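This document opens with one chain alone, in structure tokens, the form predicted on its own.
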């Protein structure tokens, strides 16, 4: 007989609840919504999924730059001239001409003094937040902040003070309770990725400055699209000059991969030597920074695309509302339109019904979603035609009726 008295627990036991939920979901015969394979990508809005041509409505490719000819050519040239990778950190051999050019493009795009490129958007938040706010400092942040923001807080070991989503008064109270003389950082997002709602940045930044806090705004889901020049919600609300740090990503509107931070802080360049997720990771391949720089510069002249994307958002939001779906916002606020499902089982059924119609959307579930909601998250693209949006509405109507959502 085996003695199990001192046997250590299986470290995977903590995941049993998620394993059970997944097993139960797939046991009903539904296609796995978290394991879709795109066999071929045709354009920013179309792909072959499971042998069927599918409209893409869940890719974050907001400005449709992934197939832009100039962007692709820039990547090809860099691949040919500089090879497939740098095999080094930015502080060692990993800074090529293209990395500097990409940071120049960001400085030009935002009109700011400093720009720092990271290997992912996740690392940008992880690195900047953990480096500037450490032990003894306080981070005041929205409860619905992205996982990378929360992880940046944990890595830096600062005191974390969350407040109710988009609640200006609650934020003010939290800041007022912080001990005098403590370092304070307020972290906000321009667009919150689950419901697609925007933050009242103008009012929130005014409160932060009243309390002497520095402000970081993550504009991942608004950069390229929102604001006169595509600089994000802070620009649209006229408060970009009051933001100390803007975080963003290349994996949304820019159409590739990577992350960045821009700032006017006079001491910002020291971050290149003290920010661990920047110092201790390999830099982006030359082809990636070349595509990013080209895309960013083209987004500066993206006014027509931005206008069409707003039209798409208004058309989809209005059409889904008219069909009887419950949406995450009462009015379209971004390129994200979230459709609230009754529960995970019917959400998965609706997701599968849409896929069979030829439409891909994101199925989002707790704990990633606020208030334990299950969502079908739609991410529009500037390359979606008006006709495609109308086709999408027809798909939602048929699928919604088939699974008794509407």
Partner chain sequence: MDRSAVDTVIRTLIEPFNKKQVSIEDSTTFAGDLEFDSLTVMDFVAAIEDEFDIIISMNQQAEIETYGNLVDAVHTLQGK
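Note that the coordinates shown come from a computational prediction; the quantities given were computed from them, not determined experimentally. Positions refer to the first chain, counted from 1.
Here the subject shifts to the form predicted together with its partner chain, a form of this protein not shown in this document.
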Decide whether residue 76 counts as a contact residue for its partner chain in the predicted bound form under a heavy atom distance cut-off of 4.5 Å.
no
4.5 Å heavy atom contact, residue 371 and its partner chain in the predicted bound form:
yes
Should residue 158 be counted as a contact of its partner chain in the predicted bound form, where contact means heavy atoms within 4.5 Å?
yes
If we define contact as a non-hydrogen atom of the residue within 4.5 angstroms of the partner, is residue 184 a contact of its partner chain in the predicted bound form?
no
Picking from 309-317, 168-176, 84-92, 108-116, which part of the chain touches its partner chain in the predicted bound form when contact means heavy atoms within 4.5 Å?
168-176
Just one of 97, 267, 164, 322 has a heavy atom within 4.5 Å of its partner chain in the predicted bound form. Which one?
164
Looking at 143, 273, 147, 304 here, can you tell me which has any non-hydrogen atom within 4.5 angstroms of its partner chain in the predicted bound form?
143
